[in-house]
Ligand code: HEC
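Read the single chain below, which is given as structure tokens and is the form predicted on its own.
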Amino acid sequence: MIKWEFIGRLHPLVLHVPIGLIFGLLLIEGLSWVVDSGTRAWRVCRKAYMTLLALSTVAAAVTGYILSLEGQTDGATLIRHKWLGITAAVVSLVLWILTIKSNTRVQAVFRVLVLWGLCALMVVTGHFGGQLTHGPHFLSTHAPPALQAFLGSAPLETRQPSADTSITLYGALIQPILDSHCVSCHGPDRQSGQFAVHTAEALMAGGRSGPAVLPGAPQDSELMKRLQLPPDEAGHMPPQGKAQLSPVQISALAWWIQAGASSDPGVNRDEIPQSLLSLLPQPDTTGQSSPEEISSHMDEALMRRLEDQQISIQRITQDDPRLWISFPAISDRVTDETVKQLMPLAPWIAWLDLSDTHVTSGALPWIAQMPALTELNLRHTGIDAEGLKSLVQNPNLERLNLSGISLDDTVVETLLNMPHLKRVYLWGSNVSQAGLQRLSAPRIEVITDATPSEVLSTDPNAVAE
């Protein structure tokens, strides 16, 4: 016996039929005004097409209504989508009657107006349906500004308070994770499983399955159980096809629940585990000091001593005091100790080229403490996958060259945990194709076919892609 749930879940398949048919009917109506529309062939074609459109629209509305009874999704967007779908079904039946009975020119004009009204109604209904499936801002996020007001408000801005010593832990550490991975399905407009996470109160209230968070007991909290299920198992969250939480983000949620799941302010940054600091907002120094003031704080004597050792130190531009450092003349003499010597300049190092040097993983904890670093070249060095975990703490690293280093798939998790990594070069590594695909799926561009001379810019004045 066929279950009602099965019929309801045919809705995503059925709903596309009337969408295609209505555009075909618009074409037929348009042609009928150009050629002789009174012939029997036109009338038969129009009536047959309109009958299919009415039946399919009613079928989409019925299956959608049955699907809504499951209670998997709740919220204002579902209500709008449901009633607009039912209205579209009623209008399609009216249009079918007009098509069957229409004989005069005035009736034909009225029929066409109703057809255009049905078309507009389907567009709006489909828009709300898309919001239910892909989130409320799937279309509006990248729409032109003139259309954003019509399509929906801008996405919820990630709550990023200033990075001072005392922070609101929930707002700085937890809410940004939920906003980026969960709110599209569990927010004010859509509440799958009658569960929402757009506020701390909603998260703690839980959903149809009961409380999602049990303070002090992450292992018993439904939220953590769902996050830690195998990706292909029913109930895993986020669902397959959606952006998954990184291990460090899951660890942050577990630590927060273990600490009592409080949303109260006043948590000191020093109380947060070192491994989670990369998730916190970094100090914004924009506009606080002029380039001249920043430059005056540099250790110019140290820079001269390093340059005397044939270390290349250049400012990125004349007006940008950040530094680009490389070792082309002494690469065979550069060791971990050399990197340690650079630490007084750490706040200004933006590009660091250590390619073909003798640095090892021992240098990476020092490099992790360079807050301005955006580009790092480790090509043909002695670092390993385990040592790379230190770089997860670096707040701004965007491009990383690991070409010519023997690495396996264990490096994938580490790279995914780097919060701002956009591009990684893995030419000559041993990362499998599956690992490369997993790495490139969320947000990282993986370069594997470049030659050593092509990877990473060697010109500090070149504009990074």
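All of these numbers come straight from a predicted model, not from anything done at the bench. Residue indices: 1-based, along the sequence shown.
Not on display, but discussed next: the form predicted together with the named molecule.
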**Q.** Proximity to the named molecule in the model of the complex, single hit among W256, F327, F195, W324 (heavy atom within 4.5 Å)
**A.** F195
Q: Could you tell me which one of R80, R226, R315, H380 places a heavy atom within 4.5 Å of the named molecule in the model of the complex?
A: R226
Q: Sort through 215-223, 364-372, 86-94, 345-353 and report the only stretch with a non-hydrogen atom within 4.5 Å of the named molecule in the model of the complex.
A: 215-223
Q. Is K389 close enough to touch the named molecule in the model of the complex, meaning at least one heavy atom pair within 4.5 Å?
A. no
Q. With the cut-off set at 4.5 Å between non-hydrogen atoms, does G130 touch the named molecule in the model of the complex?
A. no
Q: May I ask you to state whether R208 is within 4.5 Å of the named molecule in the model of the complex, using heavy atom distances?
A: yes
Q: Using the partner position in the model of the complex, report whether S184 sits within 4.5 Å of the named molecule, counting heavy atoms only.
A: yes
Q | Contact set, 223-240 vs the named molecule in the model of the complex - heavy atom within 4.5 angstroms | A | L223, R226, L227, G235, M237, P238, P239
